[in-house]
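In the block that follows, a single chain appears as structure tokens, in the form predicted alone.
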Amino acid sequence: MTTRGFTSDNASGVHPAVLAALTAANEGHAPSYGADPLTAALEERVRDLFGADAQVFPVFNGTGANVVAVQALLQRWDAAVATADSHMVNDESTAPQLVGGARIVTVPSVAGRATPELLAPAFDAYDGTVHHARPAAITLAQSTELGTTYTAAELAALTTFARSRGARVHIDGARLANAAARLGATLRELTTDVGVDVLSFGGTKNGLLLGDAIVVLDPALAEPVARLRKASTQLASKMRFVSAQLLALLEDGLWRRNAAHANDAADLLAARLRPLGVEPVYPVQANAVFIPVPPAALPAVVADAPVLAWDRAAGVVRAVASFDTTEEDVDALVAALGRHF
């Protein structure tokens, strides 16, 4: 298979260092369900990156990470608040409801980002009676589903707002590495230091074969997450193979190098489109570029170019760069898109 494209960073292969870590993990036997040396090493590395109280729970995928993490923040009568264009709302199917029993209340966004002002009506509308779900958590994506990022100051304002309303905060960090690389921030500065309670940390989109993680920053959530991970079928028996990948990504800064490369490729794509008179629909702040195309030409564009049809009515396609995207890949995409402008 030689096709390379931009439909998603899930479409990319596995980083060689991750494959090497998997091969090494395959030597001999190890205790199951996370009682292995590689998971212990991962736990230590996560504490280095997120703070002394951080605890990590490897899972199979991002949907599992998001659902388990948000579920741990809610009572059965509660709701989580998210932006209407978020991945949690639009791309997790009914997993939050079916697996997690969670209701998601939506609010508008500004280019994918929530603000305290936009969140407030969801909390103001709650009348305190048993007839309505109590908003008890906010779930934010970093970077957002529209490829934008929150600064540390913006996140701190959101967590301060959440505390003022008695709510907890979850970060969907499927592309947290891309946001941190773009902002020149550490993982801790965008999570622990701004008051986030729990996050989903993405690995699959950043060079892993499979596997993401839940990182618990509030120690009180550790037991709920551990039990919910098992109940939600996200506890790997041979966990060392998930932990080995995450450890390879985290232990020497590979996560940042991979993410920075993908971000740079997205920047290059945006720059190469501008001479064609094409400006991205949203600011390019991570590794995604949202490209306007003539609506009538959109079917032909997605047939000719390896991009995702994002908004058929408005004529927008999405291109996501990966850790292994090359300049030649970018040039080939620009040439394919250029045939339709």
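The first residue of the shown sequence is 1; numbering continues from there. None of the values given here were measured: they were computed from a predicted structure.
What comes next is about the form predicted in complex with a further copy of the same chain, which does not appear here.
Only one segment in the set 218 to 226, 259 to 267, 110 to 118, 156 to 164 has residues whose heavy atoms sit within 4.5 Å of a further copy of the same chain in the predicted bound form; it is 218 to 226. At a distance threshold of 4.5 angstroms between non-hydrogen atoms, Val289 is out of contact with a further copy of the same chain in the predicted bound form.
Heavy atoms of His170 never reach within 4.5 Å of a further copy of the same chain in the predicted bound form, leaving it off the interface. Taking the partner from the other structure, a further copy of the same chain in the predicted bound form has a heavy atom within 4.5 Å of a heavy atom of Gly207.
Taking non-hydrogen atoms only, Val330 never approaches a further copy of the same chain to within 4.5 angstroms in the predicted bound form.
Between the options Val81, Leu250, Val99, Val194, the residue in contact with a further copy of the same chain in the predicted bound form by a heavy atom within 4.5 angstroms is Val99.
Shown here without a further copy of the same chain, the chain has Val89, Asn90, Asp91, Glu92, Ser93, Thr94, Ala95, Gln97, Leu98, Val99, Gly100, Gly101, Ala102, Arg103 in 79 to 108 lying with a heavy atom within 4.5 Å of that partner in the predicted bound form.
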